[in-house]
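Consider the single chain below, provided in structure tokens and representing the form predicted alone.
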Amino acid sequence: MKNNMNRRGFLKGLAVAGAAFTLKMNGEMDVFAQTVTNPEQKNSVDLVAVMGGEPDAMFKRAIEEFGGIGKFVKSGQKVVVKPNIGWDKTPEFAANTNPILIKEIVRQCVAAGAKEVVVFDNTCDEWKRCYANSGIEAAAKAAGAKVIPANEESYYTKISLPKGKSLKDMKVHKAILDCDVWINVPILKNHGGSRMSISMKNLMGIIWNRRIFHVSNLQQCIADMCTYDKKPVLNIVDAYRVLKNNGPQGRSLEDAVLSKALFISQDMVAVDTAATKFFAQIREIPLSDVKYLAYGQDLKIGTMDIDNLNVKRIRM
């Protein structure tokens, strides 16, 4: 192991072979087994990056670093788990969050004593087909969640965004308004409009009036939306499979790669920055192209400066 490994190297050492990853177990990959700690934050972890396991195993390992799910979900609370279920695609296409990950998150919330766990998304394709073919509906229900629709405007209530620059208000799903805490679980993927779709953009699935985004500065609207004061207690980025091309839904299985990674943080900007850097090992993407990251930092939603965070990197 190279103990003097620069923390920027933890996202390197990946090679794409066809439609799947081949991991080169060289010195640069050894950093996934290291803990890089800011001495002033010895007792707290800001971000966890895990590589090399199955979706449920990686989440189990990662959440341990934060002190367990019980740190975020308390007995008797109403909890929302918000995946990306936007597309009528099966898991192999990497258009939606992995159902195995959602099942494990729900299971842990239930085990922590949650009064109710709700799963939903405002889908792009027909919602019943998205819920079924993504595998998320069955997985969530098997773990004890209630799966609800989000396809009618009557489910939403208008709230103001006083800190927003382009977006001044939005209609939020009642499940988010009524819950005690919610967990944001996007999949990491390419997006034709916003360049990347990760945790910040996943909030578009909790609102109704999102068409305005595409005519009112999409990147700024994404950042504005994230100024909503009821933020997720956790952002869990599914990078088990990554959609590298033709996002946000992909055209064929060749658009997806099996990358076996997962990122968790309470900071949406930080986790999306780390995930974008990871994605850049698959397909070139400058951080400057994902403008909502810098906009989000300017709005004090979070930080892009992950080098000054306490980051735990784990290779399974």
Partner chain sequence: MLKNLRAAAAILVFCFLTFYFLDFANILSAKFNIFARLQFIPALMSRNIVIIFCLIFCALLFGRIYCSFLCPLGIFQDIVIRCSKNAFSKKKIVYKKNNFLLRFSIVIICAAFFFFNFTIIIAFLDPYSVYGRIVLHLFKPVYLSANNILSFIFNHFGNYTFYQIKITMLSVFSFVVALFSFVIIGVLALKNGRLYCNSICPVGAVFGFINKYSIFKIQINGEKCANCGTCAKNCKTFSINSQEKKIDYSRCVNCFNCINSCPQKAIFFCANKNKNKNFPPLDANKRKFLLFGLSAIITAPVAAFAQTKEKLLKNRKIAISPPGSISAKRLLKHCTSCHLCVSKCPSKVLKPSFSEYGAGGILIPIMDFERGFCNFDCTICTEVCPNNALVKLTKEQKHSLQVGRVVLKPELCIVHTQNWNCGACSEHCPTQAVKMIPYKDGLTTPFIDADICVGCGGCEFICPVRPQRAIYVEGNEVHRQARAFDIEEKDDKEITDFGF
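Positions refer to the first chain, counted from 1. Note that this is a predicted model, so its numbers are computed, not measured.
What comes next is about the form predicted together with its partner chain, which is not displayed.
* Asked: Out of the stretches listed (95-103, 157-165, 228-236, 189-197), which one is close to its partner chain in the predicted complex, meaning heavy atoms within 4.5 Å?
  -> After filtering at 4.5 Å, what remains is 189-197.
Let me know the one among E54, D267, E65, D255 whose heavy atoms come within 4.5 Å of its partner chain in the predicted complex, would you? Checking each option against its partner chain in the predicted complex, the one that comes within 4.5 Å is D255.
- Task: Run the contact test on L218, N245 and R315 with a 4.5 Å heavy atom cut-off to its partner chain in the predicted complex and return yes or no.
- Result: Every residue of the candidate spot has a heavy atom within 4.5 Å of its partner chain in the predicted complex.
_Is I148 near its partner chain? Define near as a heavy atom within 4.5 Å, in the predicted complex._
The answer is yes: I148 has a heavy atom within 4.5 Å of its partner chain.
So in the predicted complex, does any heavy atom of F72 sit within 4.5 Å of its partner chain?
-> Taking the distances in the predicted complex, the answer for F72 is no, it never comes within 4.5 Å of its partner chain.
According to a 4.5 angstroms non-hydrogen atom cut-off, is Y131 in contact with its partner chain in the predicted complex?
-> No, no contact at 4.5 Å.
Is V45 close enough to touch its partner chain in the predicted complex, meaning at least one heavy atom pair within 4.5 Å? Answer no; every heavy atom of V45 is more than 4.5 Å from its partner chain in the predicted complex.
Notebook entry, point to check: Mind listing which residues of 98-123 have a heavy atom within 4.5 Å of its partner chain in the predicted complex?
Noted result: Nothing in this stretch is in contact.
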